[in-house]
Ligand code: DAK
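Quick setup: one chain, the form predicted alone, written in structure tokens, and binding and motion questions come after.
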Amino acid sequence: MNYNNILFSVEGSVAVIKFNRPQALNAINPDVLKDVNAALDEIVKNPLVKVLVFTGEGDKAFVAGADIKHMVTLTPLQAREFGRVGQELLFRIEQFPMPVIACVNGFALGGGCEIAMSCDFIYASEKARFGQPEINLGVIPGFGGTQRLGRRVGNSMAKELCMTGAIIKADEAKNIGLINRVFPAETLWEETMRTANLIASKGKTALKGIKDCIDRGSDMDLINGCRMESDAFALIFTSPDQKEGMSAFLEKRTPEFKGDLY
């Protein structure tokens, strides 16, 4: 399938979606959202893909936010629809049945920060910048920023960032728990793909089980979360990956995971 606003590729077991509007700093509009959804449809149909990576084309931006040229003429009802469509896409990314990594190579502002937060974790260039600066336009985040940011960095820090519109550097984003790691710009992609390929070497069933347990358990008390985990642990014993992983360990060889319950 041909895309106008993203570059889509599969490298081994790793799918890559690259936002591709560098002339607009990869800003988001409805056409971008449609392209990403279509690419996600392709990925779920490909049984070989085990990890998804998002990044941005060029060396300036991951996604610099929503396209102001699109938003400036929206009516209130159109604005709500745009926000809801964006939120649904981010829910889909968050709940995607495989690990999703954000490789942030530049500005991740507004909608860009929100997209990154919907991923399982974030690697960033030392040149990356993060923020929810919508307040400077007289509006608030609309793709889930007021909700996900507080869950990552705490409500008081989220309020400070959203209310001031501050744009922070990658090292500060790491210090407050927004992102996982910071790398030199020239090694960011290599390091991201190193981790993506390492994860892709693991069992697909176990990867999904870990993601589900951590995500679902975060809204449960500890006892119910652990009960849910033990059920998932037991279910995985029906997977060929469990047999392969344990047999390989006992036979002192590298496992070849091929099973997939999902």
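Quick note: we count residues from 1 along the sequence shown, nothing fancier. On a predicted model such as this, the values are computed, not experimentally measured, just so you know.
In what follows, reference is made to the form predicted together with this ligand, a form of this protein that is not presented.
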Please tell me which of 202, 34, 216, 60 lies within 4.5 Å of this ligand in the model of the complex, judged by heavy atoms.
60
Within 4.5 Å, heavy atoms only, one stretch in 106-114, 150-158, 188-196, 173-181 touches this ligand in the model of the complex. Which?
106-114
Is residue 134 one of the residues lying within 4.5 Å of this ligand in the model of the complex, judged by heavy atom distances?
yes
Heavy atom of residue 98 within 4.5 Å of this ligand in the model of the complex
no
Under a 4.5 Å heavy atom criterion, is residue 210 part of the interface with this ligand in the model of the complex?
no
Are any of the heavy atoms in residue 68 no more than 4.5 Å from a heavy atom of this ligand in the model of the complex?
yes
Quick one: in the model of the complex, does every one of 24, 27 and 64 get a heavy atom within 4.5 Å of this ligand?
yes
